[in-house]
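This document starts with one chain, in the form predicted alone, laid out as structure tokens.
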């Protein structure tokens, strides 16, 4: 009878621990164990310190402690930081770390950030880590110092030049992931020769790893989308870009968000995940083109949807 009671108690404890693990937590609630942080420190010194510093202060790579670091991840679950460590680090050999090693390093980072330890170890399961967040007040970015306003820069090119010089080629790099795995090793000089010149889908591939090029392309989309809102910019036909049009602003934000989604997808280092998000980019472009570019009627040539006469003017 005592044995039955003991086994029942163990079952109840197991259920309670499982339920507790599934409940949302913050990093202030002791989500890692001391011995796990010690293991993480050992792995960190071997795999990470050369770039991020012996004390996580930053060196070739950014610091992994402090307000600025936390603010980069404070609005995301802990699974995002875990995924970045697991999929993209160390930079010279991404994917080398096991899930357990990544979780141990993450425990060490939390310890270095003065977040308290608990009894249970931090899980290496992504679903469990999605239940752990940062406190709302964990990081409040510092206000920019100085009273002077940031300088403004007049547009150097028209909208078509920005599209063709930045947005189109970088979108093309991401679209290419649908048919080419960025992790593949390529003979770049020979490929370039066959291409007959510069090729946006292979640029820099003899300098940067393929997945990093996808990262850069996604960042370029997110960062350059606001160039569509630069005051004074004109379309290729000379008409002013409708920067004050709410719908134009909505489409601009949609493109920027697509770039951010592409970067997040690229950080998984998964070809299928990036292939899926490429549709989000295509839709963002299409929504704007349907209203401001590829329209027929009003004297336009219906055979040529690329007619430039009424671009930047809503139907």
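Numbering follows the first chain given and starts at 1. In this text, all values refer to a predicted model and were calculated from it rather than measured experimentally.
From this point on, the text means the form predicted in complex with heme C (HEC), which you will not see here.
The putative spot formed by 129, 270 and 314 is not touched by heme C (HEC) in the predicted complex; no residue has a non-hydrogen atom within 4.5 angstroms of it.
Looking at residue 216, you'd find every heavy atom of it more than 4.5 angstroms from heme C (HEC) in the predicted complex.
The closest non-hydrogen atom of residue 289 lies within 4.5 Å of heme C (HEC) in the predicted complex. Not displayed here, heme C (HEC) is kept clear of residue 75 by more than 4.5 Å at the level of heavy atoms in the predicted complex. Though the partner is left out of this view, residue 71 does not reach within 4.5 Å of heme C (HEC) in the predicted complex, counting heavy atoms only. Across the options 207 to 215, 115 to 123, 86 to 94, 176 to 184, residues that bring heavy atoms within 4.5 Å of heme C (HEC) in the predicted complex belong to 86 to 94. Only one of 235, 227, 138, 220 lies close to heme C (HEC) in the predicted complex, with a heavy atom inside 4.5 Å, and it is 235. Exactly one listed residue, out of 29, 275, 50, 35, brings a non-hydrogen atom to within 4.5 Å of heme C (HEC) in the predicted complex: 50. With contact defined as any non-hydrogen atom lying within 4.5 angstroms of heme C (HEC) in the predicted complex, the contacting residues in 233 to 265 are 234, 235, 236, 248, 251, 252, 255, given in sequence order. Compared with the form shown here, the C-alpha atoms of residue 227 and residue 72 sit at least 3 Å closer together in the predicted complex.
A shift of at least 3 angstroms brings the Cα atoms of residue 166 and residue 89 nearer to each other in the predicted complex than in the displayed structure.
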